[in-house]
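Single chain ahead, by itself, as C-alpha cells, in the form predicted on its own.
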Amino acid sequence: MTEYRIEELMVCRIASEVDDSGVTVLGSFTPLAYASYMLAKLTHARDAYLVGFNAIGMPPVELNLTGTEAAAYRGALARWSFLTTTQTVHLGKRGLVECVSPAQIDGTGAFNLACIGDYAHPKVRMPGGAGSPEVVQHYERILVYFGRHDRRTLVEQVSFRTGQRAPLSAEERRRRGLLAGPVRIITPLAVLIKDDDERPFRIESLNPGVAAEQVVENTGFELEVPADIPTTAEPTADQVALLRERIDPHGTTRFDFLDAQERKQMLRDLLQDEWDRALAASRVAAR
C-alpha cells in the first residue's frame, strides 16, 4: 500500500479531470492545481495543452515561488499575452479545466473570495476574485478545492457572492452557447458534485476512511447522499514519486492546508531555500 498525504490524493483527483480534449489555463498561482496539471501532463495526458503566464503549450515544470514562471517559458511552443490567449480559449469554447480555491462556497455553488462578514466592516478582507467570476462560466469542468472541510468553508450562504456558475444543467448551458459541465468540490473528506440547478450537491465519492455522516456533519448546506458511494481513488506509488521528486520537491502543495502564521513561515523558508540554492548555483558557475 502506498503511503501518501491528503494533499497528494487531492492532486491526483484533480489531475484525473485533465485530458487532451481541451485547453487548461494556469491562472493565479495555486500550487495544488498547478501540481495536478503537471501530474496529468507527465502521466495519462501527455498531449494535454497547457497555457501558463504568457507561455502557450508549456511543458511540465517544477513548482517553486520564484522560478516557475521562467520555467514555463522554457520549452513552450509560443509566447503571447495571457489575457489575449485566455479570451481566445473562451471564445473558441476550448476551456477544459479550471480550479478555484475560495474561502467559502454555499449550496448554490456561489463562492466568496472577497471578505468574511459585512463587506463594509469585514472580519477578514481577502484578495478578491481576479478572473474567477468569468472563468467559472467558460470552462467545461469547474473544480473548487479546499484544504479543510467544515461549516466555516462549506456554508449555508456565502458572506459575499464573488461568482457562481449558472445555469448548471447541461441543456440550459448548451442552449445559451456555453460549455456544459458540473461543479465539483474537492476536500480532504470527499468529492461533491452539482450538475443540476434544482438539486443539491451530492456526494460523488468519499475519501478513504471517511463516512458519509462525517461529510454531512461538516457541511453547512443540504447534501444528497446516494445509497452507494464509491471511494476516491488513492494515489499510486508512481504518482507519489513524481509529485515528491519532480513536480513539487519543496512541498508547495501543503500551502492550502496551513493557517496564516504557518503560511508566513513557510513562505520565508521557501524563499530562503531558493535564495541559498541560487547562491550555490552561482558559485558553481563562477568556478
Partner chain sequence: MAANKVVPLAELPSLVPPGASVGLGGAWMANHPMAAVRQLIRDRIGDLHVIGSLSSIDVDQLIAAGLVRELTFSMVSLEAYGLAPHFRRAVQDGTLRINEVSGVAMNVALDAGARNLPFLPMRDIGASELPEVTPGAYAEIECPFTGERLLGIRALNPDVALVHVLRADAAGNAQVEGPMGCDPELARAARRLVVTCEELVDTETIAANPASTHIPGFIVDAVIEAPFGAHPTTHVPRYGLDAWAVMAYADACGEGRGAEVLAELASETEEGYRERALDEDRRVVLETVAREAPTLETA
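Note that the rigid core is defined as the largest set of C-alphas that superpose within 1.5 Å between two forms. Here the structure is a predicted model, which means the values were calculated and not measured. Residue numbers count along the first chain shown, from 1.
The discussion below concerns the form predicted together with its partner chain, not included here.
**Student:** With a 4.5 Å heavy atom cut-off, would you call residue 62 a contact of its partner chain in the model of the complex?
**Tutor:** Although its partner chain is absent here, residue 62 would touch it in the model of the complex, with heavy atoms inside 4.5 Å.
**Student:** Consider residue 131 of the chain shown here, and say whether it contacts its partner chain in the model of the complex, taking contact as heavy atoms within 4.5 Å.
**Tutor:** Residue 131: yes, in contact with its partner chain in the model of the complex.
**Student:** So in the model of the complex, does residue 126 come within 4.5 Å of its partner chain, heavy atom to heavy atom?
**Tutor:** Output for residue 126 is yes: heavy atoms within 4.5 Å of its partner chain.
**Student:** Taking 4.5 angstroms as the cut-off for heavy atoms, does residue 281 touch its partner chain in the model of the complex?
**Tutor:** Heavy-atom contact with its partner chain at 4.5 Å: present for residue 281.
**Student:** Assess the spot marked by 119, 163 and 274: is its partner chain within 4.5 Å of a heavy atom from every one of these residues in the model of the complex?
**Tutor:** Yes.
**Student:** Quick check for you: of 68-76, 141-149, 184-192, 208-216, which stretch puts a non-hydrogen atom within 4.5 Å of its partner chain in the model of the complex?
**Tutor:** Stretch with heavy atoms near the partner: 68-76.
**Student:** Which one of 257, 221, 53, 49 is close to its partner chain in the model of the complex, taking close to mean a heavy atom within 4.5 Å?
**Tutor:** Exactly one listed residue reaches within 4.5 Å, namely 53.
**Student:** Consider the chain as shown here, without its partner, and state which of 97, 114, 154, 100 has a heavy atom within 4.5 Å of its partner chain in the model of the complex.
**Tutor:** Here the answer is residue option 114.
**Student:** At a 4.5 angstroms cut-off on non-hydrogen atoms, which residues of 82-104 are near its partner chain in the model of the complex? List them in order.
**Tutor:** If the 4.5 Å heavy-atom criterion is applied to its partner chain in the model of the complex, 82-104 yields 82, 83, 86, 87, 90, 91.
**Student:** Cα of residue 156 displaced 2 Å or more between this form and the one not shown, core superposed?
**Tutor:** The answer is no; the displacement is under 2 Å.
**Student:** C-alpha of residue 118: shift of 2 angstroms or more between this form and the one not shown, rigid core aligned?
**Tutor:** Yes, the C-alpha moves 2 Å or more.
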